[in-house]
Every structure is written in C-alpha cells, then in structure tokens.
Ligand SMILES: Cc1cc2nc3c(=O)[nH]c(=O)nc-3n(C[C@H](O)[C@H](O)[C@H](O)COP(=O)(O)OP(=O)(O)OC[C@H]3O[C@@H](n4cnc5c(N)ncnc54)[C@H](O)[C@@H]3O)c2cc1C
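Just one chain is shown here, as structure tokens, and it is the form predicted on its own.
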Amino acid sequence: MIVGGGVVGCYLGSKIQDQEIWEAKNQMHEKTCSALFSRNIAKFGIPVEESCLNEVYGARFFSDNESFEVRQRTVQAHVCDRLEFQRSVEKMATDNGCKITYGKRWNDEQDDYIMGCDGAISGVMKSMNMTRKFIYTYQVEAQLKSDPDFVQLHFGGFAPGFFAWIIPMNENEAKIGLGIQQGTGNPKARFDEFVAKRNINLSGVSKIQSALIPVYDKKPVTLDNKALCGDAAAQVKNTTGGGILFGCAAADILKEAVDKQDLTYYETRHRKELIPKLNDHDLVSKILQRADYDRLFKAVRERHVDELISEHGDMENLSGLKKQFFKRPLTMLAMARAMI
C-alpha cells in the first residue's frame, strides 16, 4: 500500500505497478512548491513538456551589498505548473495499473508493506515515532518583470536559516517566496520585510501559498514493514529545500526492495547512495547559515568561484564541485577566511 498520492507516491506506484494509493485530500491538489525542477528529472522518465512554463540557464545570488551570477550554456531547470506536473505523474501511475483513492486517510491499516509518501507531516512517519524540524515558507505568484533565464536567490536577515527566491514563469510573472528556519518568526512578516528591503514592486498577485519543508536529518527510512519516501523521509536538499529528484531516486530503490521482499535493502542502499549526497547539501547549508553573506559573495567573485560553479555545478550532486575545491586549497582557504 502506498500512502500519499503526490509526485513521489505516484512515481513509486508507476514503478511497482498495480498498487493501491491512498491520498488524504479529496481531490488532486496543487502542493505549495516552487516547481523548479532540475534538468536531471529527465532520467526518471517524467514528462515536463506539457507543464513547463519556462526554462532557466542559471542563478543570480544576492546579499545586501554583493552579488554574483552562475550561468551555463544549456537549460539547467524547468519552471513548471505544479498541478499539470502532478497530473503527468498521476497518469504514469494509473497507466501502470494503480488505483488512486482520494479522501482516504491512512489510520494504521495494515498491508504487506506500508510505503509512506505522505509528505512533510507524514502520518506513517509519526507512526514510526519520528519527529522533524521544518523550514516554514511563504510564496506568491505575481506580476513582476525579471530575466526569464535566471532564478534569483536572496540571502539576508529577512530569511534566517534559508533564503528568498524569485523564479520567473515568463518575462512578466514570477513566483516570489521565502523560507525561514523553524522558530525564527512569521514567514509572511519575513516575506514583507524581504520585499521592502529589496524594493520589489509586486502587482497582480494571483496566488498565495505556504508550506513546510522538512529538514534532512539522517534518520532511518524503514521500521518493520514500513518505509518512508520523499518528504516523508526528509529526502530533501537542505541547500534549496528541493526533494522531488531525491524522492524519485529513493522510490527506484524502494521498488527493488519490494521486489526482493526485503526493506533492509532499501535502508542499506539509501544510506550508501543517497545519504552522502544529502550530507553534502547539509554541509553547504550549515556553512551558509554561519556566513557573512557580503564577505562570502565578494570572495566568490574575487576567487572566480562563480566560474567554477558554472563549469562544474550540479543541482543534485555536489561531489564534482567538491573535488574541484580540493584541487584548489588556496581558494578553499580564502573562502574559509571570508566566513570567519
């Protein structure tokens, strides 16, 4: 049984096939999400053509007084209509024999396997006696002119423990949002602070959303006949809050574990293959949280780290970029000094 009919739950169903998928919501709903998906999503066979609103080639990073740009020659990410994207993955599940029942909440019912893909505040996760910490987010869709080739990431005191973003849907509309660490205030108030501080003139707000992003915490993903996947397992990049691709990668492993009738296989491969990558993102996140952003971003430009990221960066796997840093000890030392 799969609990949760979101993207990861439906993707998992499409792989295992002929599954019961229970979704607590009464109908397909648009999850609050930036819907910015790395180009790497292609390897999972999830179509983005019908849901894609824009394609971006890079990102611009801003602190209060400094900035730098990362750009690549090819498309790096797709900005999607989240509901249309969800429909595409649901079709993958139903085309592979899955039955999705809406308005069906899991209440400790039993099956051979209980696969929890039920989001950040997962009921399956709670039944495994786990708790999480969260990033609290607030996002609007509004009219705002921006370069459609670039995502903007803004760092400052308005977003403690995280950042604010501007994701262009086209030249005239964007998703503008912000995340804050749990216990650091009200995300709407922080959002208003961000908009005022960066002189962002919003108009024609068409959608207002808020959500929780689980913080990756290295906890187990299985217990007895239960397995967690996606946000329910906090398989999330602590750098950006993105989790769809890691959730789908975990679903592929979980499918193999179900075939083998051995959930320890899922736990073992998750720890071997996914946790090292998630740990890299967690380390970068912790570094950023301690940094003086102005000094750090200035050092990025002066030491040409922006060029290094443009050449070797990957939105999911930081290992290639990490190797490049180890080849440049003076650059590492300069970056470290910028953060002291």
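Remember, it's a predicted structure, so these values are computed and weren't measured experimentally. So that there is no doubt, residue numbering starts at 1 and follows the sequence shown.
FYI, the form predicted together with this ligand isn't displayed, but the following is about it.
Contact here is defined as any heavy atom lying within 4.5 Å of this ligand in the predicted complex, and by that definition not a single one of Y113, A227 and K272 is a contact residue. In summary, the region of this chain contacting this ligand in the predicted complex, judged by heavy atoms within 4.5 Å and restricted to 241 to 249, 257 to 265, 152 to 160, 200 to 208, corresponds to 241 to 249.
Taking the partner from the other structure, this ligand in the predicted complex has no heavy atom within 4.5 Å of any heavy atom of N54.
Residue contact with this ligand in the predicted complex: Q76 places no heavy atom within 4.5 Å of it.
In the predicted complex, this ligand stays beyond 4.5 Å of every heavy atom belonging to I180. In the predicted complex, F191 stays away from this ligand, with no heavy atom inside 4.5 Å. Think of it this way: in the predicted complex, this ligand has a heavy atom of just one of L296, A35, I309, L278 within 4.5 Å, and the residue is A35. Of the residues in 8 to 24, those that come within 4.5 Å of this ligand in the predicted complex through at least one heavy atom are, in sequence order, V8, G9, W22, E23, A24.
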